[in-house]
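Take a look at this single chain, the form predicted alone, given in C-alpha coordinates.
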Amino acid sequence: MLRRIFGRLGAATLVVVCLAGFPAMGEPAATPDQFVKTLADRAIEVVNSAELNYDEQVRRLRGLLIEGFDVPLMARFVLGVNWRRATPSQRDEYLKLFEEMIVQTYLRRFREYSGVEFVVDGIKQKVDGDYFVTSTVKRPGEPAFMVDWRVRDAAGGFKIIDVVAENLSMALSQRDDFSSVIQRYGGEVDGLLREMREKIEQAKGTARS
(Lines give C-alpha, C1' and ligand atoms only; values in the text may rest on other atoms or scores of the structure.)
Protein backbone atom coordinates (compact mmCIF):
# COMPACT_ATOMS: atom_id res chain seq x y z
CA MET A 1 0.00 0.00 0.00
CA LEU A 2 2.75 2.49 0.87
CA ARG A 3 4.30 1.79 -2.51
CA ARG A 4 1.28 3.61 -3.92
CA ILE A 5 1.79 6.45 -1.46
CA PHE A 6 5.38 6.93 -2.58
CA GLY A 7 4.52 6.56 -6.25
CA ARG A 8 1.12 8.07 -6.89
CA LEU A 9 2.06 11.66 -6.05
CA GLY A 10 3.32 11.84 -9.64
CA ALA A 11 3.00 15.34 -11.00
CA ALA A 12 2.47 16.91 -7.60
CA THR A 13 5.73 15.45 -6.36
CA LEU A 14 7.60 16.64 -9.44
CA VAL A 15 6.35 20.18 -8.93
CA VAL A 16 7.34 20.29 -5.30
CA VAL A 17 10.78 19.08 -6.36
CA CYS A 18 10.98 22.13 -8.61
CA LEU A 19 11.18 24.15 -5.40
CA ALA A 20 13.96 22.10 -3.85
CA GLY A 21 17.46 23.16 -3.00
CA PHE A 22 17.36 26.94 -2.90
CA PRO A 23 18.85 29.27 -0.31
CA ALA A 24 16.87 31.25 2.24
CA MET A 25 14.50 33.70 0.64
CA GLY A 26 15.62 36.84 2.44
CA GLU A 27 12.84 39.44 2.44
CA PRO A 28 9.34 37.91 2.78
CA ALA A 29 7.29 37.82 -0.41
CA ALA A 30 4.57 40.45 -0.65
CA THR A 31 1.98 38.22 -2.35
CA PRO A 32 1.36 34.43 -2.45
CA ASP A 33 2.09 34.18 -6.18
CA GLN A 34 5.34 36.07 -5.68
CA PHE A 35 6.15 33.64 -2.85
CA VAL A 36 5.72 30.62 -5.13
CA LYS A 37 7.51 32.25 -8.07
CA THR A 38 10.51 33.24 -5.96
CA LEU A 39 10.94 29.70 -4.74
CA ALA A 40 10.60 28.31 -8.25
CA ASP A 41 13.04 30.77 -9.86
CA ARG A 42 15.77 29.84 -7.39
CA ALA A 43 15.01 26.14 -7.58
CA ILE A 44 15.08 25.74 -11.36
CA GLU A 45 18.82 26.45 -11.41
CA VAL A 46 19.38 23.64 -8.92
CA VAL A 47 17.07 21.18 -10.68
CA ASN A 48 18.88 21.70 -13.97
CA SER A 49 22.40 21.64 -12.52
CA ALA A 50 22.29 18.05 -11.18
CA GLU A 51 25.51 18.77 -9.28
CA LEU A 52 24.36 18.21 -5.72
CA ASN A 53 25.30 14.98 -3.97
CA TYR A 54 22.82 12.92 -1.98
CA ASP A 55 23.55 14.47 1.43
CA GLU A 56 23.31 18.01 0.09
CA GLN A 57 20.05 17.24 -1.68
CA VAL A 58 18.56 15.88 1.54
CA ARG A 59 19.80 18.85 3.54
CA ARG A 60 18.30 21.39 1.15
CA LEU A 61 15.03 19.49 0.75
CA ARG A 62 14.62 19.38 4.50
CA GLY A 63 15.31 23.10 4.70
CA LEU A 64 12.67 23.65 2.03
CA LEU A 65 10.04 21.75 3.96
CA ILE A 66 10.70 23.73 7.11
CA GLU A 67 10.79 27.09 5.33
CA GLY A 68 8.12 26.79 2.67
CA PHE A 69 5.62 24.19 3.91
CA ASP A 70 3.54 23.83 7.04
CA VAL A 71 4.65 20.23 7.47
CA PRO A 72 3.13 19.64 10.94
CA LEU A 73 -0.27 20.87 9.73
CA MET A 74 -0.08 18.70 6.61
CA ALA A 75 0.98 15.67 8.64
CA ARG A 76 -1.90 16.01 11.10
CA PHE A 77 -4.41 16.48 8.28
CA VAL A 78 -3.14 13.42 6.44
CA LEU A 79 -3.43 11.23 9.54
CA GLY A 80 -6.99 12.48 10.05
CA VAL A 81 -9.00 11.04 12.96
CA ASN A 82 -6.12 8.68 13.69
CA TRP A 83 -4.11 11.64 14.98
CA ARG A 84 -6.41 11.85 18.01
CA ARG A 85 -6.17 8.10 18.52
CA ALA A 86 -2.38 8.03 18.41
CA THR A 87 -0.30 8.15 21.58
CA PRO A 88 2.16 11.03 22.14
CA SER A 89 5.11 8.77 21.23
CA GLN A 90 3.33 7.59 18.07
CA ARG A 91 2.64 11.19 17.08
CA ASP A 92 6.28 12.17 17.58
CA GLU A 93 7.54 9.29 15.46
CA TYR A 94 4.88 9.86 12.81
CA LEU A 95 5.82 13.52 12.38
CA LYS A 96 9.47 12.58 11.88
CA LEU A 97 8.61 9.78 9.45
CA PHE A 98 6.20 11.99 7.51
CA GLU A 99 8.87 14.62 6.96
CA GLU A 100 11.42 12.00 5.96
CA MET A 101 8.96 10.30 3.63
CA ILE A 102 8.35 13.54 1.75
CA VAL A 103 12.08 14.27 1.55
CA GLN A 104 12.88 10.83 0.14
CA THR A 105 9.94 10.87 -2.28
CA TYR A 106 10.89 14.28 -3.64
CA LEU A 107 14.54 13.32 -3.82
CA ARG A 108 13.70 10.36 -6.03
CA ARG A 109 11.69 12.59 -8.36
CA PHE A 110 14.46 15.18 -8.24
CA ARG A 111 16.84 12.67 -9.82
CA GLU A 112 14.36 11.52 -12.46
CA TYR A 113 13.56 14.87 -14.05
CA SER A 114 15.50 17.78 -15.47
CA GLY A 115 14.85 20.62 -17.86
CA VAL A 116 11.61 21.59 -16.15
CA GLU A 117 10.03 24.94 -17.02
CA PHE A 118 7.83 26.36 -14.28
CA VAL A 119 5.48 29.31 -14.91
CA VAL A 120 3.36 30.97 -12.23
CA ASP A 121 0.09 32.11 -13.80
CA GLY A 122 -1.43 34.03 -10.89
CA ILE A 123 -3.89 33.72 -8.02
CA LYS A 124 -7.01 31.80 -9.00
CA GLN A 125 -9.16 32.14 -5.91
CA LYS A 126 -9.27 32.46 -2.15
CA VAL A 127 -11.00 29.76 -0.10
CA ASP A 128 -11.37 29.79 3.68
CA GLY A 129 -8.65 32.39 3.92
CA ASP A 130 -6.18 30.40 1.78
CA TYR A 131 -4.89 31.44 -1.64
CA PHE A 132 -4.72 29.12 -4.65
CA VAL A 133 -1.76 30.04 -6.82
CA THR A 134 -1.99 28.55 -10.32
CA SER A 135 1.01 27.43 -12.32
CA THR A 136 2.01 25.49 -15.43
CA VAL A 137 4.77 22.89 -15.54
CA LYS A 138 6.42 21.96 -18.82
CA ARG A 139 8.76 19.03 -19.37
CA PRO A 140 10.69 18.42 -22.60
CA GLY A 141 8.74 16.16 -24.95
CA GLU A 142 5.70 15.86 -22.66
CA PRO A 143 2.38 17.73 -22.35
CA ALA A 144 2.28 20.64 -19.92
CA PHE A 145 0.13 20.24 -16.84
CA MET A 146 -1.53 22.61 -14.39
CA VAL A 147 -0.74 22.78 -10.69
CA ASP A 148 -2.45 24.75 -7.92
CA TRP A 149 -0.63 25.65 -4.73
CA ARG A 150 -2.72 26.17 -1.62
CA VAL A 151 -0.93 28.92 0.28
CA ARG A 152 -1.80 30.12 3.78
CA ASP A 153 -0.80 33.51 5.14
CA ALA A 154 0.46 32.27 8.50
CA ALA A 155 2.31 34.08 11.25
CA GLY A 156 5.81 34.70 9.97
CA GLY A 157 4.93 34.53 6.28
CA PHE A 158 3.28 32.38 3.62
CA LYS A 159 3.24 28.59 3.90
CA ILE A 160 2.20 25.95 1.35
CA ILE A 161 -0.30 23.50 2.85
CA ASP A 162 -1.26 21.46 -0.22
CA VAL A 163 -0.35 20.87 -3.85
CA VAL A 164 -3.09 20.06 -6.37
CA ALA A 165 -1.83 18.68 -9.70
CA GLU A 166 -4.38 17.91 -12.42
CA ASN A 167 -7.15 18.07 -9.78
CA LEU A 168 -5.34 15.57 -7.52
CA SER A 169 -4.74 16.88 -4.00
CA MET A 170 -1.53 15.54 -2.51
CA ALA A 171 -2.92 15.88 1.02
CA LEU A 172 -6.24 14.16 0.29
CA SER A 173 -4.54 11.39 -1.67
CA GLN A 174 -2.13 10.65 1.14
CA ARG A 175 -4.94 10.84 3.69
CA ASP A 176 -6.94 8.17 1.86
CA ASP A 177 -3.91 5.92 1.50
CA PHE A 178 -2.82 6.27 5.13
CA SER A 179 -6.35 5.51 6.30
CA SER A 180 -6.39 2.35 4.16
CA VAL A 181 -3.08 1.18 5.63
CA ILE A 182 -4.28 1.71 9.20
CA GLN A 183 -7.55 -0.10 8.49
CA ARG A 184 -5.58 -3.03 7.08
CA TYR A 185 -3.79 -3.26 10.44
CA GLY A 186 -7.04 -3.30 12.39
CA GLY A 187 -6.96 0.40 13.23
CA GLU A 188 -3.46 0.30 14.70
CA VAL A 189 -1.26 3.31 13.93
CA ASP A 190 1.84 1.20 14.59
CA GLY A 191 1.13 -0.67 11.35
CA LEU A 192 1.40 2.55 9.37
CA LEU A 193 4.57 3.57 11.20
CA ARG A 194 6.17 0.22 10.45
CA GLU A 195 5.42 0.47 6.73
CA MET A 196 6.63 4.07 6.62
CA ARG A 197 9.95 3.06 8.20
CA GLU A 198 10.42 0.23 5.72
CA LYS A 199 9.64 2.32 2.65
CA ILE A 200 11.85 5.18 3.79
CA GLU A 201 14.81 2.81 4.16
CA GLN A 202 14.12 1.37 0.72
CA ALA A 203 13.95 4.87 -0.75
CA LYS A 204 17.25 5.83 0.88
CA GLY A 205 18.93 2.80 -0.60
CA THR A 206 17.62 3.62 -4.07
CA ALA A 207 18.60 7.30 -3.81
CA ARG A 208 22.18 6.49 -2.81
CA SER A 209 22.65 3.96 -5.62
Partner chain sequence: MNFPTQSDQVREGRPGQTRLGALGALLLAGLLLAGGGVGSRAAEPAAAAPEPIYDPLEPLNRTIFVFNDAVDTMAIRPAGEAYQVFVPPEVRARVTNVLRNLKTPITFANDVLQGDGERALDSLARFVINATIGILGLFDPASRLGFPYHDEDFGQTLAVWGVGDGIYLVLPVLGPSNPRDTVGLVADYLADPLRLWLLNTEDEAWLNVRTGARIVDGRARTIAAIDDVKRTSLDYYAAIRSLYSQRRGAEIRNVSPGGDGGVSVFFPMTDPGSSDGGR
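Numbering follows the first chain given and starts at 1. No experiment lies behind these values; they were computed from the predicted model shown.
Another form, the form predicted in complex with its partner chain, is not on view; read the next lines as being about it.
This chain appears without its partner; in the predicted bound form, the one residue of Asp176, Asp41, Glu67, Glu56 with a heavy atom within 4.5 Å of its partner chain is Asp176. In the predicted bound form, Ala144 approaches its partner chain with a heavy atom inside 4.5 Å. The closest heavy atom approach of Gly122 to its partner chain in the predicted bound form falls outside 4.5 Å. Of the heavy atoms in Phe132, some are within 4.5 Å of its partner chain in the predicted bound form. At least one heavy atom of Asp162 is located within 4.5 Å of its partner chain in the predicted bound form. Although its partner chain is not shown here, in the predicted bound form the stretch 71 to 100 places heavy atoms of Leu73, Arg76, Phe77, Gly80, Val81, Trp83, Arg84 within 4.5 Å of it, in sequence order.
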